[in-house]
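Read the single chain below, which is given as C-alpha coordinates and is the form predicted alone.
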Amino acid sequence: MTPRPTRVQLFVTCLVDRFFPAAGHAAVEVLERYGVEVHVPSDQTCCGQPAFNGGFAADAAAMARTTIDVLSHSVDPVVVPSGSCADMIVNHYPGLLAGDAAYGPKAKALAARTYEFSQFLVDVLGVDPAAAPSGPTLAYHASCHGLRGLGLREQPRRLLHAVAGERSADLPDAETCCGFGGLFAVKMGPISSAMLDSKLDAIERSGADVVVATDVSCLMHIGGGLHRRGSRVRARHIAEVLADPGHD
(Lines give C-alpha, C1' and ligand atoms only; values in the text may rest on other atoms or scores of the structure.)
Protein backbone atom coordinates (compact mmCIF):
# COMPACT_ATOMS: atom_id res chain seq x y z
CA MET A 1 0.00 0.00 0.00
CA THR A 2 1.33 3.45 -0.94
CA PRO A 3 2.01 5.58 2.17
CA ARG A 4 -0.37 8.46 2.71
CA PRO A 5 1.38 11.73 1.71
CA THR A 6 2.09 14.12 4.56
CA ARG A 7 3.56 16.93 2.41
CA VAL A 8 2.50 18.44 -0.90
CA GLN A 9 3.45 21.28 -3.17
CA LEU A 10 0.63 23.63 -4.12
CA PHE A 11 0.76 24.88 -7.70
CA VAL A 12 -1.39 27.95 -7.21
CA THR A 13 -2.19 28.88 -10.87
CA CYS A 14 -2.26 32.38 -12.32
CA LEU A 15 -5.96 33.12 -11.89
CA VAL A 16 -6.01 31.96 -8.27
CA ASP A 17 -2.91 34.01 -7.51
CA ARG A 18 -4.08 37.19 -9.20
CA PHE A 19 -7.87 37.17 -8.93
CA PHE A 20 -9.07 34.49 -6.49
CA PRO A 21 -6.48 34.20 -3.69
CA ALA A 22 -9.22 33.13 -1.26
CA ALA A 23 -9.51 29.86 -3.19
CA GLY A 24 -5.79 29.23 -2.73
CA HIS A 25 -5.93 29.99 0.97
CA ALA A 26 -8.96 27.70 1.31
CA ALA A 27 -7.12 24.88 -0.45
CA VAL A 28 -4.25 25.19 2.03
CA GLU A 29 -6.67 25.28 4.96
CA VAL A 30 -8.44 22.11 3.84
CA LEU A 31 -5.23 20.20 3.14
CA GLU A 32 -3.80 21.17 6.52
CA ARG A 33 -7.05 20.13 8.19
CA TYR A 34 -6.39 16.62 6.93
CA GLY A 35 -2.83 16.55 8.21
CA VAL A 36 -0.96 17.56 5.07
CA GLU A 37 1.89 20.06 5.21
CA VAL A 38 1.62 22.48 2.28
CA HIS A 39 4.56 24.10 0.54
CA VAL A 40 4.06 26.82 -2.08
CA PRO A 41 7.18 27.22 -4.26
CA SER A 42 7.77 30.96 -4.53
CA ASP A 43 9.22 30.92 -8.05
CA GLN A 44 6.32 29.19 -9.75
CA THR A 45 4.75 30.92 -12.73
CA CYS A 46 2.26 30.18 -15.53
CA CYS A 47 1.98 26.54 -16.60
CA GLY A 48 1.96 27.62 -20.24
CA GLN A 49 -1.59 26.61 -21.09
CA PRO A 50 -2.63 29.93 -22.74
CA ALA A 51 0.40 29.79 -25.04
CA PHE A 52 -0.25 26.11 -25.78
CA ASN A 53 -3.90 26.72 -26.61
CA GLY A 54 -2.91 29.66 -28.79
CA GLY A 55 -0.59 27.50 -30.86
CA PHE A 56 2.69 28.86 -29.47
CA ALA A 57 4.26 25.50 -28.75
CA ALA A 58 7.83 26.79 -28.27
CA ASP A 59 6.71 29.34 -25.69
CA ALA A 60 4.55 26.76 -23.92
CA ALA A 61 7.48 24.33 -23.84
CA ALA A 62 9.72 26.96 -22.27
CA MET A 63 7.18 27.60 -19.53
CA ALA A 64 6.72 23.86 -19.06
CA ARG A 65 10.45 23.42 -18.49
CA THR A 66 10.43 26.22 -15.93
CA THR A 67 7.47 24.69 -14.10
CA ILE A 68 9.13 21.27 -14.13
CA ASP A 69 12.30 22.76 -12.64
CA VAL A 70 10.35 24.57 -9.92
CA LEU A 71 8.29 21.52 -8.94
CA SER A 72 11.21 19.09 -9.13
CA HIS A 73 13.13 20.56 -6.22
CA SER A 74 10.96 18.18 -4.21
CA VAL A 75 9.45 14.78 -5.00
CA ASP A 76 6.31 15.63 -3.01
CA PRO A 77 2.97 15.35 -4.82
CA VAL A 78 1.75 18.47 -6.61
CA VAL A 79 -1.81 19.63 -5.89
CA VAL A 80 -3.49 22.05 -8.29
CA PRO A 81 -6.77 23.86 -7.46
CA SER A 82 -7.63 23.88 -11.16
CA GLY A 83 -8.56 21.06 -13.48
CA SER A 84 -7.35 22.98 -16.52
CA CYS A 85 -3.83 23.63 -15.23
CA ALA A 86 -3.59 20.11 -13.81
CA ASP A 87 -4.66 18.77 -17.20
CA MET A 88 -1.91 20.81 -18.86
CA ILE A 89 0.76 19.31 -16.60
CA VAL A 90 -0.59 15.77 -16.58
CA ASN A 91 -1.70 15.32 -20.17
CA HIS A 92 0.15 17.89 -22.28
CA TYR A 93 3.60 18.31 -20.77
CA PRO A 94 4.70 14.77 -21.69
CA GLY A 95 3.62 15.23 -25.31
CA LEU A 96 4.92 18.76 -25.58
CA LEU A 97 8.38 17.69 -24.37
CA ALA A 98 8.43 14.18 -25.84
CA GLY A 99 11.38 15.04 -28.10
CA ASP A 100 13.42 16.59 -25.29
CA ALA A 101 15.86 13.99 -23.96
CA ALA A 102 16.34 15.86 -20.69
CA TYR A 103 12.83 17.13 -19.97
CA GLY A 104 10.71 14.40 -21.55
CA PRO A 105 11.30 11.95 -18.67
CA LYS A 106 10.98 14.77 -16.13
CA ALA A 107 7.61 15.74 -17.62
CA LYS A 108 6.34 12.17 -17.24
CA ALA A 109 7.59 11.98 -13.66
CA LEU A 110 5.89 15.25 -12.75
CA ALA A 111 2.66 14.20 -14.46
CA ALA A 112 2.58 11.01 -12.40
CA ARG A 113 2.57 12.92 -9.09
CA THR A 114 0.29 15.82 -10.03
CA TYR A 115 -3.35 15.92 -8.90
CA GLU A 116 -6.29 18.27 -9.12
CA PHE A 117 -7.41 19.36 -5.64
CA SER A 118 -10.62 17.31 -5.28
CA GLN A 119 -8.94 14.33 -6.96
CA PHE A 120 -6.16 14.40 -4.38
CA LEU A 121 -8.60 14.65 -1.48
CA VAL A 122 -10.73 11.70 -2.60
CA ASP A 123 -8.38 9.40 -4.50
CA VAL A 124 -5.20 9.89 -2.47
CA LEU A 125 -6.28 10.99 1.02
CA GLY A 126 -9.64 9.23 1.07
CA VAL A 127 -11.34 12.29 2.55
CA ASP A 128 -14.96 11.97 3.65
CA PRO A 129 -15.90 15.40 5.06
CA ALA A 130 -18.47 15.79 7.79
CA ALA A 131 -21.90 17.09 6.88
CA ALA A 132 -22.59 20.74 7.61
CA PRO A 133 -25.76 21.08 9.73
CA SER A 134 -26.83 24.16 7.79
CA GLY A 135 -25.76 26.24 4.87
CA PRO A 136 -26.60 27.19 1.29
CA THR A 137 -27.98 24.88 -1.38
CA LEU A 138 -25.14 23.88 -3.70
CA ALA A 139 -25.09 23.03 -7.40
CA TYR A 140 -22.03 21.63 -9.14
CA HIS A 141 -20.77 22.76 -12.55
CA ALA A 142 -18.31 20.31 -14.13
CA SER A 143 -15.41 22.23 -15.69
CA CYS A 144 -14.41 20.86 -19.08
CA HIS A 145 -10.69 20.23 -18.63
CA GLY A 146 -11.18 18.46 -15.33
CA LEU A 147 -14.08 16.38 -16.61
CA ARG A 148 -12.81 15.48 -20.05
CA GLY A 149 -9.08 15.79 -19.52
CA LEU A 150 -8.68 14.27 -16.07
CA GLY A 151 -11.87 12.25 -15.81
CA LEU A 152 -13.08 14.17 -12.75
CA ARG A 153 -16.70 13.25 -12.34
CA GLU A 154 -17.45 11.63 -9.00
CA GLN A 155 -14.76 13.18 -6.78
CA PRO A 156 -16.12 16.75 -6.58
CA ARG A 157 -19.71 15.53 -6.37
CA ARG A 158 -18.85 13.12 -3.57
CA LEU A 159 -17.23 15.88 -1.51
CA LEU A 160 -20.06 18.34 -2.04
CA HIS A 161 -22.78 15.78 -1.33
CA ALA A 162 -20.99 14.83 1.89
CA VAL A 163 -21.09 18.38 3.22
CA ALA A 164 -24.46 19.46 1.77
CA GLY A 165 -26.56 16.28 1.77
CA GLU A 166 -30.11 17.18 0.81
CA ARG A 167 -28.96 20.71 0.10
CA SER A 168 -27.37 19.46 -3.12
CA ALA A 169 -29.27 20.82 -6.10
CA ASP A 170 -29.46 19.08 -9.46
CA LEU A 171 -27.91 21.37 -12.08
CA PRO A 172 -29.43 20.76 -15.53
CA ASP A 173 -26.74 20.10 -18.14
CA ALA A 174 -24.10 20.21 -15.43
CA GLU A 175 -21.46 18.82 -17.81
CA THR A 176 -22.12 21.36 -20.57
CA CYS A 177 -19.40 23.97 -21.12
CA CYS A 178 -20.00 27.42 -19.62
CA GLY A 179 -18.45 29.07 -22.67
CA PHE A 180 -15.24 30.41 -21.15
CA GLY A 181 -12.56 28.21 -22.65
CA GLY A 182 -9.77 30.73 -22.04
CA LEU A 183 -8.94 32.36 -25.36
CA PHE A 184 -12.21 31.01 -26.80
CA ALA A 185 -14.16 33.62 -24.82
CA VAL A 186 -12.05 36.36 -26.43
CA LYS A 187 -11.91 35.01 -29.98
CA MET A 188 -15.51 33.78 -30.13
CA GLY A 189 -17.26 36.32 -27.93
CA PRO A 190 -20.84 35.97 -29.26
CA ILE A 191 -20.74 32.16 -29.11
CA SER A 192 -19.19 32.26 -25.64
CA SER A 193 -21.89 34.66 -24.44
CA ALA A 194 -24.66 32.44 -25.81
CA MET A 195 -23.19 29.41 -24.05
CA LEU A 196 -22.90 31.40 -20.83
CA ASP A 197 -26.54 32.49 -21.03
CA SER A 198 -27.63 28.86 -21.31
CA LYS A 199 -25.48 27.93 -18.34
CA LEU A 200 -26.83 30.81 -16.24
CA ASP A 201 -30.41 29.84 -17.08
CA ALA A 202 -29.69 26.29 -15.90
CA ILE A 203 -28.07 27.52 -12.69
CA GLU A 204 -31.02 29.73 -11.84
CA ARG A 205 -33.49 26.92 -12.62
CA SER A 206 -31.64 24.62 -10.23
CA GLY A 207 -32.72 26.62 -7.18
CA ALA A 208 -29.17 26.67 -5.83
CA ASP A 209 -27.80 29.46 -3.67
CA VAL A 210 -24.22 28.72 -4.72
CA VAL A 211 -22.77 27.23 -7.89
CA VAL A 212 -19.52 25.36 -7.25
CA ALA A 213 -16.71 24.39 -9.62
CA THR A 214 -13.12 23.16 -9.47
CA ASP A 215 -11.79 25.92 -11.75
CA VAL A 216 -11.83 29.63 -10.98
CA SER A 217 -11.72 30.34 -14.72
CA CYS A 218 -15.24 28.95 -15.09
CA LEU A 219 -16.30 30.65 -11.86
CA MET A 220 -15.00 34.01 -13.08
CA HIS A 221 -17.04 33.65 -16.25
CA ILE A 222 -20.15 32.36 -14.50
CA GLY A 223 -19.86 34.72 -11.54
CA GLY A 224 -19.53 37.72 -13.82
CA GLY A 225 -22.62 36.67 -15.74
CA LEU A 226 -24.63 36.15 -12.56
CA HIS A 227 -23.54 39.55 -11.26
CA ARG A 228 -24.58 41.29 -14.47
CA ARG A 229 -27.98 39.63 -14.24
CA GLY A 230 -28.41 40.76 -10.67
CA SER A 231 -28.83 37.12 -9.67
CA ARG A 232 -28.88 36.06 -6.02
CA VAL A 233 -26.76 32.99 -6.87
CA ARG A 234 -23.07 33.16 -6.00
CA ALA A 235 -20.08 31.29 -7.45
CA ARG A 236 -17.48 29.60 -5.21
CA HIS A 237 -14.50 27.32 -5.67
CA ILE A 238 -14.87 23.85 -4.15
CA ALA A 239 -11.98 24.54 -1.76
CA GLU A 240 -13.85 27.52 -0.31
CA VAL A 241 -16.97 25.42 0.21
CA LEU A 242 -15.03 22.65 1.95
CA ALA A 243 -13.19 25.14 4.13
CA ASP A 244 -16.44 26.77 5.26
CA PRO A 245 -19.48 24.79 4.06
CA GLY A 246 -21.95 26.86 6.06
CA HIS A 247 -20.93 30.16 4.47
CA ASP A 248 -23.55 31.86 2.34
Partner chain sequence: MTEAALAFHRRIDAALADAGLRRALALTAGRLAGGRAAAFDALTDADACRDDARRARAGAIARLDSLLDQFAREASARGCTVHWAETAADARRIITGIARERNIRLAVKSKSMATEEVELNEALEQAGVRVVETDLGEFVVQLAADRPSHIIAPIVHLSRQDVATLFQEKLGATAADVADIPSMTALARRLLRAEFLQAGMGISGVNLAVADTGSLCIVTNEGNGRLTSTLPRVHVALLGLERIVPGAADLAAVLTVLARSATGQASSVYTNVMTGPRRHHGGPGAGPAGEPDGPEELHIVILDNGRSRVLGTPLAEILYCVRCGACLNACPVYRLIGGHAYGGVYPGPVGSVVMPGLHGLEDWSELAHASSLCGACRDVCPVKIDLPHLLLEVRREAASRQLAPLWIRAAMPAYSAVATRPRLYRWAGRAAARLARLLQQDGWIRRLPGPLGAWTASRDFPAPAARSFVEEHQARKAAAR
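This one's a predicted model, so the numbers in the text were calculated from it and none came from an experiment. Positions refer to the first chain, counted from 1.
As for the form predicted in complex with the partner chain, it is not shown, yet the points below apply to it.
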- So which of 148, 158, 73, 108 reaches within 4.5 angstroms of the partner chain in the predicted bound form, heavy atom to heavy atom? 148
- Message: Is it the case that residue 207, even though its partner is missing from this view, gets within 4.5 Å of the partner chain in the predicted bound form, heavy atoms only?
- Response: no
- Can residue 34 be called a contact residue for the partner chain in the predicted bound form at 4.5 Å between heavy atoms? no
- Item | the partner chain contact at residue 78 in the predicted bound form, heavy atom, 4.5 Å | no
- Query: Heavy atoms within 4.5 Å of the partner chain in the predicted bound form: does residue 199 have any?
  - Reply: no
- Task: For the heavy atom contacts within 4.5 Å of the partner chain in the predicted bound form, list the residues of 95 to 109 involved, in sequence order.
- Result: 96
